[in-house]
Structures are given as C-alpha cells and as structure tokens.
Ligand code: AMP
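As structure tokens, one chain now follows by itself in the form predicted alone.
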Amino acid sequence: MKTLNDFNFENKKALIRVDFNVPLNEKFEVTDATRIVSAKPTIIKILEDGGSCILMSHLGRPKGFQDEFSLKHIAAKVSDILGVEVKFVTDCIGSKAEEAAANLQPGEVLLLENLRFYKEETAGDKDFAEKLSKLGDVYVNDAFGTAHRAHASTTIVAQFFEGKKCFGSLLAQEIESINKVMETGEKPVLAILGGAKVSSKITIIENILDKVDHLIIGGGMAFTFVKAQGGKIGNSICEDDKMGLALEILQHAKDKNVQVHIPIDTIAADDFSNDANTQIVDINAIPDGWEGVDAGPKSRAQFHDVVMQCKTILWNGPLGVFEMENFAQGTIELGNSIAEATKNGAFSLVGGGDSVAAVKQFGFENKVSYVSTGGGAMLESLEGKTLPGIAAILE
C-alpha cells in the first residue's frame, strides 16, 4: 500500500482528490469544516517536502455550472485552515486549469473548480480523467468519502499515474482503522449496529459475523428481532418482511459462536415526540399504542458490561432517537462506555452518518480511537467490498 511517505514531493505537483463536499449556509459560509481539517496533514506534508498541491473536489449535486455550488465559496476557509493562501481557478480541465497548474510554484496550493460541473466526472469518463491527469506529476487520493464511487477523479484518473500514485494520510488511516476491526483487531471484537432498519445492515452483519465475538443490535432495527422471536412491540418500527432473516442471522451467529445482545428493556413513548408520555417496559412487552424510542436502563447496563470486556469496538448507528433530547440517554451512555473502554486501551472505530453525528453532538470525538469521514464508503468496506477508489491506487 503506497502512502505519502513513499514519495518525496520536492519540485513535484501533487494532484490531490480531497473531499471538500462541506455544508454551507445561505451566506455561502462553511458550517462544518471537519473534512477540510482532515485533509490538512496530507497537504502540509507535500508542501514541507517542497512540492505544490492541486486540489480537486466536488460540492453538492449541481446540474451543470451553478454558481451556488462553486468551490470559490470555500477557498478563503481552506486558506485559513491550511495557513497558506489558496489560489482558485474557475475550471478544472482545459487551458485555464492547465495554465494555473503550470504556473504553480513549490509551496503553493491551487483549488480547482467543482468537478461535478462536468457530467463526465460522475460518468467516470476516461477522456475527462486524462485531462485532469495533465495537471500534476503525482496522484494522491485522500477522499475516503467518495472512494466507493468509480468517478473520473476518484478512480479513473489513477490509470494515468503508473508508479506515481498513493493514498493520502486520511485515506490510509481509514483503511488501517477498518482493517483493525475486520482483520487484525485484538479480541474480543465487538460490533454495535443501530439505526432504524435491518435491511440497510444485512450485508454488514453477514460479513462481520466471521470477524466478531460480540454483536449488539440496538435502535429501531432491534424491534424486528424482538418481534421475530414472538415479542410484543406495540407501535415500534418493524420490518415484518425481514423477520425470517432476523431469525436466520441469530442462527448464523449461534453457529459461529458470536454472542448477540439485544436490548432487554426500552423507553416507550405514546407519541413520536420529545414531549410524549414515557414509561420503561420490557422490550418484548410494549403495550399497544406505545413505541420503543431508546434503550432502557437494564439494556444500558448490559451493553456497558459487554463493551468493557472487548478490545476492538466498531460502532455504527445510535441506540435511540438521539435527535430528541429525552431519547438520547441510551446513545450517550453507550458513548461513555466506549470512551471508557478506549481509555483502558481498546481500539474504537465510529462510522456511519448517524453515529458520527451523535459522537460530535455529545463530545465523544476525541474520546474514541477513530471517527470515519465516509458514510457510504465505510459501510461498503464493512460489507467486504473493495472500493474502486482504493483498488485504483493498489493496481
């Protein structure tokens, strides 16, 4: 696996695929700069070597050239974070981009215009990729968030850099973290899967049963398992057509000696609202008209005990409707347990949109080992798929 450390970038122009698809407010100000900050170590290493950086990214889902999706809006923020003035060019291919790249001096940074202004980017067009390749001497992919897509800038462009392509430090860290969970992690290994639907996690569960010792199933998807085993779940969310599958998963886990932990009690609400009336009930005896919205106190204690005995922990998905303050406690206590286990030497990886949002919201970001920057890419990695953006560098 070639990384930045395998190259000296002195007098080289690095064409870097970053993921600067960041949220902007109505004044076009960046409201969450995490992805820009995450790319900083890669960019600084290249500049310190005496090289220059040409940054390419997409922003949003534009239909052709749309000013509101221009990367010019984020250039000043990127400059602030890097501590280097970032030059901006109003195209990503063609004479303007080529001239700006040619004039770039060692120590300088150039940001190209939004790649997705061209439909050829998402189509994985080879000619478009070749035009991008003319801008740099070495190709660096540091965009884990888009590594699961075979787009021109994430995958196809790598064909034009034989022997001169590598992973940036962010992408290398992502690969290493997933490998720690899936391949090299110290046992016992625990996977915590939450969120609403079993259907969105089936392939992950099937793939990780060979790798883990414990599996906690929480959040809305737990009710499909409870109902499949004959429990009464009231008005709780449930995928009736997946109940047979839930029983199969439990059987497969048993065959592989994986201990599955499902909540034993729940906070039930009489309405899907933060102000609803609530009661604590056994998870398999939820009254009609009530729905489970968070893990109950017995479940939290049970999950804490499981977390504390494990050395490698993957967390994907919350335990309840954490967006509502009154139903966030299960997710917060799980975060506390994982933070404590991490402090005691366990390796913890958090990934997937909702769990990342929860970790940020409740201040666990620096209390776990690694927070993944890629939602879809992370999930596909856990499903055992080889991501095109990663394969392109390895080829």
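None of these values were measured; they are calculated from a predicted model. Note that residue numbering follows the sequence shown and begins at 1.
Absent from the display: the form predicted in complex with adenosine monophosphate. The rest refers to it.
Every residue in the set A196, V293 and D354 has a non-hydrogen atom no more than 4.5 Å from adenosine monophosphate in the predicted complex. Only one segment in the set 239-247, 138-146, 184-192, 320-328 has residues whose heavy atoms sit within 4.5 Å of adenosine monophosphate in the predicted complex; it is 320-328. Note on the partner interface in the predicted complex: the residue among R300, H151, K201, K165 having a heavy atom within 4.5 angstroms of adenosine monophosphate is K201.
Adenosine monophosphate in the predicted complex is approached by G219, whose closest heavy atom lies within 4.5 angstroms of it. Interface membership of W315, defined by any non-hydrogen atom within 4.5 Å of adenosine monophosphate in the predicted complex, is ruled out. Scanning 248-276 for heavy atoms within 4.5 Å of adenosine monophosphate in the predicted complex gives just one residue, F272.
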